[in-house]
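In what follows, one protein chain appears twice in different forms, each by itself as structure tokens: structure 1 and structure 2.
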Structure 1
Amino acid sequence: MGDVLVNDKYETFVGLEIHIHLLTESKMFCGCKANYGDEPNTNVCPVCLGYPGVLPTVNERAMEMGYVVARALNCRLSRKTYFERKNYFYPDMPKNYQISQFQEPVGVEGYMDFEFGDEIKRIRIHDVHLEEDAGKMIHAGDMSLQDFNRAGYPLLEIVTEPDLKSGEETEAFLRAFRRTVRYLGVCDGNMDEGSMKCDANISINLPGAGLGTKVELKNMNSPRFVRRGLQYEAQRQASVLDEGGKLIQETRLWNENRDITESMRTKEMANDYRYFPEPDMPPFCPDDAFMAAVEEAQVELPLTRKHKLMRKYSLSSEQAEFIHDEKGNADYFERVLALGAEAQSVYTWLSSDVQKELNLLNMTLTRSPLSAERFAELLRLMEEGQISGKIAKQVLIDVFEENEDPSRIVEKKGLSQISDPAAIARIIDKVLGENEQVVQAVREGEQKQKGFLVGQIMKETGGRAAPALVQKILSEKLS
């Protein structure tokens, strides 16, 4: 089905429920390490295993991260937030209720802006709430095994209004959202590893008729699958309506092997979650110091950053897109510029030679040996004519391999440019002496042979001779 255009007779409405794993040291309601990749059932205790008599205690760091995200998404922040129990039976869920939020989440009624094509779109955020994750079940033959390392892991759920209009737009939004939580440092946003998950609800209707019958879509493990799942589903719903059929409210799963959605359960089979306030924890009332910390944790968000990069450094949209994708890279970029480098040159190097080296070594820029200071130094050496562009590329590789400052490498390897006219003249004299026939030919008008002489001179200096000076002195000597 792939990228078939949706029947444009209908309007599409997509809303998302995004879950992110918060990057906290410990779990949401107990002191266990929040590290679910460890040996199964090693990060567990009576609390997260749901033993009789245990009580939850809230992780304040997770609470803070929840508020930080809600604030960044322009939500109205709750001054008295509380947890509730969401009741349903699930073999992986130790208590058979999930501690979540319902009536009074950390934030409500926000919005997020993102770029889609040339447009800035605004998606309304219904709410941002905290909850705990369940464990994991592994089916092995006729046995089912359980791992509770993930049980009680802090989750933040972000619920959007059904403001997205297509699979493509949703994919763009998700990428922008992922970038935002990474900028805030609260989640690594890794969808294939499950630290970010996304369920969607989608309905279609005739233009102007409002929302249609809602279908929930699950099991889409990347922004790409979200797009394809939604595209398929919009098309499927359109076909049903076109054929005079009726849509039913249901939950469907994206089957990535077959590229289709499949019905999982209908509305009649849906759980009644029987929410009620969690009696084991008092409401959380953030004080001024807490709110100040939330404010303190705010960063310049990706979209603002991108536009700033374009405005301040005259980058094109594509260039800024590349630079701002990771906050660390954008910070790095600006730091190199602050050290005196020129924007276009920095961009060119970052997007080509540096990127190539990073890919080769499987590194990220901010953790590579090429610190902003070293990078700025390398560019300065080139700018000042101490090394040529060609040598600079070699020095760059050496910085990665030897983890040393460019100036040190240049000095150690004797790579600095020869720009003393007398020294160059001496070398030229030597080359001319060794190639008398060629010199004769050039003097007789065969200018093409001059290139050969330049090559010989550069070879003699290991490429270090300042090219302009070589040209100038050689011409003088040959005339």
Structure 2
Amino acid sequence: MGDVLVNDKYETFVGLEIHIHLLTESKMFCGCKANYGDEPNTNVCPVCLGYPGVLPTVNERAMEMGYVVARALNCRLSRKTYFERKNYFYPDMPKNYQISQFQEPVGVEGYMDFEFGDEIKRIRIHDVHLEEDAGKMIHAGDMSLQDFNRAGYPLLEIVTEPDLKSGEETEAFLRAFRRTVRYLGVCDGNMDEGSMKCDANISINLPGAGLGTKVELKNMNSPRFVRRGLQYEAQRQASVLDEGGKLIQETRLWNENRDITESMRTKEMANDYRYFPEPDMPPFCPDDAFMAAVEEAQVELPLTRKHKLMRKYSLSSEQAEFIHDEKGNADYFERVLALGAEAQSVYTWLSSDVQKELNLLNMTLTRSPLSAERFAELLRLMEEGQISGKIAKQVLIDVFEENEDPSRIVEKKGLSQISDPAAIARIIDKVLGENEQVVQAVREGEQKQKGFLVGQIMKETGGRAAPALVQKILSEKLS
């Protein structure tokens, strides 16, 4: 897919500022719990409420996670980083400044590759830096309420270069980025809960003329809304320029109810924030042991995992896309294969019957009663002919409902497949004797009626008769 021109005339440039809440137990600069959904204003202390004279202390686990992400994004890692005060007033910022990083972030000059259509695209990463989150404002009628539980949450900001070319491309990148941080185990990526947020900077210009006037879009809480917001804004800017108007650098909000962007404020520049070094914290200089831990925390990233699944197990792109979406599911898939199952069979069951049960019970695969060992055992019972495919589907349901091994369920409920030719022959004789008119019709050439007889035989055996054996013996008797 090539670059997208707005109105076949303007080139689009999109850069992102992605914020992720790190999955630490405590906040960035104090010991308060970092836990979403607790009673408002219960996880607070003088430090995160910005009382005068308090001293922040850095959360080393958050620092490690920040470096892990920067390393996974191919950044040059800083061996000396420090925090600064970013000064601005918001009602939900208790101190009236935010402890952040500007001059020496944890990582700079990285990149991330992602799939868009049939292409692998590379987006440059300007920097990765740590900071603290603000609180949350709740507007109720003519009142505005403050919840400071979120104030001080460890926040990692990833700033890209303006390399994205359309709303569609940006949506694909965000989904790939979300998958990456979930693979790394540093963020759950739930945009609806605010643990991953994204602001987008967009400008348009004539092809070859470089960047245009930048507009920042806020209040987009899903990759889909980011796409729609950018699509609208690109067309809005094109209309302004087509009519001879002039764009201004500003911040705009996405109104998801009206599907439009609305002006919020003129955009601040970096010097408006009056950055200066945080005087209460010394620089952070990671030692060799810290950097070794960062390296050890690296994982096989999603795009690499997908291509490996396709190459090693002959999966199609669509099949590998489904399997690799969550790291736990991809690990599970490979574990079942290591226990002797066949890749196509595992994929077919996971994407159909297993997924149906997970959706029904609102479960994730890795936390369900269907362990990799139980799943491999179920497939083996079917492969060896001990149970039929139809019985296997019932056993699967029973595994979810009863939390027992497939072989135990088969034994307890007497579900083993009947594969004794003599026993099947006796049942077939009984069914033929009870349906003489149908037998006569089949012998006179009405082969469709044979399916009725097969159904009656399977009903008689509770679906346990070996299907191939039933077909063979029935054909012999009818001829």
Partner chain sequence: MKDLEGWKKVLTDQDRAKKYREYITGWEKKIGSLLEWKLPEPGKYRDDGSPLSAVPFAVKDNIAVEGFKLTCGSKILEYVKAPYTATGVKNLQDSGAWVMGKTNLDEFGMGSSTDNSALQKTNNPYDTSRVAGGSSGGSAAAVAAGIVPFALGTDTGGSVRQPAGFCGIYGLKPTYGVVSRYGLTAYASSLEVCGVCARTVDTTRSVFHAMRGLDEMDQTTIDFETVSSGVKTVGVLKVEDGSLSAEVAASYETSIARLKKLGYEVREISIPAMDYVVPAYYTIATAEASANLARFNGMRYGLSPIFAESPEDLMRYSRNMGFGEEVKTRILLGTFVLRSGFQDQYYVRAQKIRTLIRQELDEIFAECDVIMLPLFPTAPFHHGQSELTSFQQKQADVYTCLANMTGSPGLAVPSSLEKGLPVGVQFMAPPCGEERLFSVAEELEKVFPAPRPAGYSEEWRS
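Here the rigid core means the biggest group of C-alpha atoms that line up within 1.5 Å when the two forms are laid on top of each other. Please note that residue numbering is based on structure 1, beginning with 1 at the start of its sequence. Only a predicted model underlies this, so the values are computations on that prediction, with no experimental measurement involved.
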| request: Report the structure number, 1 or 2, for the form predicted alone. | output: 2
| query | Going by the two-part rigid split between structure 1 and structure 2, are Ser419 and Gly212 grouped together? | reply | no
| message | How many degrees of rotation separate the smaller rigid part's two orientations between structure 1 and structure 2 when the larger part is superposed on C-alpha atoms? | response | 14
| said: Keeping the rigid core superposed, can you check how far the CA atom of Leu469 moves between structure 1 and structure 2, in angstrom? | reply: 2.8
| note | Aligning on the rigid core, one finds that Ile428 shifts at its CA between structure 1 and structure 2, in Å, by 4.6
| said: Given the rigid core as reference frame, how large is the C-alpha shift of Glu444 between structure 1 and structure 2? Answer in angstrom. | reply: 8.2
